[in-house]
Structure formats: structure tokens, C-alpha cells
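Below, in C-alpha cells: the form predicted alone, a single chain.
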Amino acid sequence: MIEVSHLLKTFAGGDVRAVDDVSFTVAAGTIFTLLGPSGCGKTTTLRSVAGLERPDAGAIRLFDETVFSSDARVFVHPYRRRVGMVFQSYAIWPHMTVMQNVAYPLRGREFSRGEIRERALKALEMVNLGELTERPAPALSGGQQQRVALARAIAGDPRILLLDEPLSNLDAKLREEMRGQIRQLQRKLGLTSLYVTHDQVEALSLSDVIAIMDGGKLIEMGTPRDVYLHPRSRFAAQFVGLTNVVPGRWQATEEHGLARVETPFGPIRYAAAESESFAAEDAVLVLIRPENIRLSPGSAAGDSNAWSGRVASTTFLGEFIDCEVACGDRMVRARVSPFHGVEEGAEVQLRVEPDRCSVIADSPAM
């Protein structure tokens, strides 16, 4: 388990709050991902957990041990925290073989030479590199080097695995393969893992829990499904995937658990959450994913959740066709099947089901 409480880390004499009052808990045996744009504070948070950064305030507990506390003046050095870390740059020593790279961190610990080799070989076999023990590190591909880095991180039997954008230097196919390997290895070993990335696909495919960060703050947190399907902020909705953001005014709760919002496109009904507390005429934003919009020929008849538009552009992307549809003075993104006969310039009806859109609060000054 990892417990981070009210963590604060500043730079530039305190003027820059890289991590600003961040708190979260990582349950034992799960992958918890910090997701956000460059400079949001996610790597600084991870480095603080590793002991590579000393925070200004807050507390960090790893299982039953406090490794940092500003109040108690506790700071446990990295080598005593029993964490394994995989860096973005791999950090592979070019003058060593594969075996030597993995075994090196075990030297100086209470292991015999035979135990060191046995542990290193076991770790390499877990990442399918058992046959390359004597190969010089520079002779490896990028994917193989990343697997060496992963083997080195787990060879010392860490209680926690930290991964700092480990796949960002790989091509798309290798990233997909390594995502599967990391998830499989984490489940097999039951490692409590903290993962940092700016890649939404990595976060959605690997994580048990995703925490979205921006400007040093933790914006929102939830399972991959919740974060994608039911975002609670505009930032989260637009950072994790594409989202159409439609301004509107909340009107009323209706039958069958639906509520109505008046928008520039007309009324939109949606499946209201029990926790909602909007009042009539509250400024809100309707969030609609492009894949949840259905396009059909012709114009809308004026009923709710349907409106008219003209296809401004189409882009064939293999798995789907990405469409920009002009609806009055607004553009709406829709994604349809590659077999859909949509054409640029065509008049279309756009429709979304009530359970495929969500609503969040907006500023009263909208």
C-alpha cells in the first residue's frame, strides 16, 4: 500500500508548486496511474515516493512504514524504501551485459554471488529475456532494453514498483506489446505499482485506478471506466479522449430518471445521477463522446437529443471515420463505422441516447 497525504513540493524558491496538496492511496497489489500533461507534477510525485525528491510538506507511507513526514521530520533514503523503479530513459549501462545490468543493483546487499545470479536470471526469464543474458546491452532493441530495465526493477524483490513513462520511447506496436507484459507481470507478482504517463491509452488499459493531475493538483480520480464514461470535470473529459462540450441550462428532472438541459442544439435529455443537485437555469456542460453520436441522412424533426448539421470534413482512420459536423456556428465531432457512407457536404441528423451523455456544472458566467 502507498499512502500519500497532503504532499507539497515547490521549486524556484517556493514560487512554483510542482505538487500542490496531493493525497491518494494505492491499494496493495493494484496499479495506480498518475495521468496528465507534461509539467503537471506527476513525475515529481513519483520521485517523492521513490525518495529521489524531498517534499516540502506532507507525508508518505509505504505499507506500514512512514518514509517521509514533514511534521515528524522523517526522511528514509531511497535505498531503504524497497522500491523498484523503471525510468523513461531505460538507464541501461552500455558497458555491461544483460545479466550484469540486472544483477548490478543486487551487489552490496546480503546476497551471495550465486544468489545474485539466480535472482537476476529469474527476473530475466519473467520478461522473456532468459536466453540473452550474455548479450551486450547496446545490441538490444528498444523493447528489449525496456524489458531489461523492468527485470532489474523486480530482481531485488521490491514491495513497490514505480514506473515513470516507461513506454514513451517505443513505437506504437512495441508500446502495445509492453503494456500487456507489464500488466501480466504485475498481476503475476501482485506488485503494488505507481505508474506515470501522459498517454491516455496506457492509463486506460493498464490501471486499476487513474488519478488525473493538472497544475500540480489532483483533479479527479476513479476507475478507467468511470473516468472515461463519467468524467466529473471538463479537463478530465477533454484530456482523456475526445469530448464534445455543449453549454446549456439545466431545466428539470423528468420521468424514468431523465433530466433535461436546454442547449444551442435544442433540448437534450440525459440519465441523471442520484448525486446531482442542479437547480433550474443552472449553467451546465453536456459531455458527449464522438463515438456516441449516430449520424443518419436528412435533418432532425425537432425532437430531443437530435439535431441537424452538415458534414464539414471526414478523415478515414481505419477503425472509424472521424467526422466534423457543422451545427449552426458550432462544430461537433462524431465517429462512425468505416463502412458508413458519410460524405462531406451532406446534410445529416445527429442523435445521442440519454444514457450516452453526461452533465457537469459550469461557471455561472458562461
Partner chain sequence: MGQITRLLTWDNLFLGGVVLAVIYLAIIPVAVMIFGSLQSGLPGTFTPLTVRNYVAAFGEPLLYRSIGNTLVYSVGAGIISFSLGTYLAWLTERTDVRFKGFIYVSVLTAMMIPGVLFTISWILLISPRAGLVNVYLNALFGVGEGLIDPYGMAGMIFVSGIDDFYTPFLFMAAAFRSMDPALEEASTIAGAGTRTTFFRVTLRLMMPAALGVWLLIFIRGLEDFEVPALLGIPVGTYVLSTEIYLTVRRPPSDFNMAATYSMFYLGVAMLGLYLYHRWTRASDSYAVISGKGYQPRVTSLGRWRPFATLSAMGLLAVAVYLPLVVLAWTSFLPWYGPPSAALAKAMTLENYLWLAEDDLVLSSLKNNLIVGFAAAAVVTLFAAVVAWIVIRTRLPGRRLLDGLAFSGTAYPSMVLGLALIWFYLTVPIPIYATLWILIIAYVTKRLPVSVRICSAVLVQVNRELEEASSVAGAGFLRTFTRVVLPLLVPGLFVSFATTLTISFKALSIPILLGHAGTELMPLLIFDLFESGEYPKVAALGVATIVVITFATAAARLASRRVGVTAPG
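If you're wondering where the values come from, they're calculated on a predicted model, not measured in any experiment. Think of the rigid core as the biggest set of C-alphas that the two forms share within 1.5 Å after superposition. Residue numbers count along the first chain shown, from 1.
One more form of this protein exists, namely the form predicted together with its partner chain; it is left out here, but the text below deals with it.
You can rule out all but one of 72-80, 172-180, 204-212, 235-243: in the predicted complex, only 72-80 has residues with a heavy atom within 4.5 Å of its partner chain. Taken together, 47, 92 and 105 are fully in contact with its partner chain in the predicted complex: each brings a heavy atom within 4.5 Å. Looking at residue 283, you'd find every heavy atom of it more than 4.5 angstroms from its partner chain in the predicted complex. Proximity of residue 147 to its partner chain in the predicted complex falls outside the 4.5 Å heavy atom cutoff. In the predicted complex, at least one heavy atom of residue 88 sits within 4.5 Å of its partner chain.
Contact annotation for residue 189: none of its heavy atoms lies within 4.5 Å of its partner chain in the predicted complex. Out of the listed residues 331, 52, 28, 57, 52 is the one that sits within 4.5 Å of its partner chain in the predicted complex by at least one heavy atom. Screening 96, 273, 229, 139 for any heavy atom within 4.5 Å of its partner chain in the predicted complex leaves a single hit, 96. Contacts of stretch 141-155 with its partner chain in the predicted complex, defined by any heavy atom lying within 4.5 Å, are made by 152 alone.
Here residue 94 counts as shifted, since its C-alpha moves by at least 2 Å between the shown form and the other one after the core is aligned.
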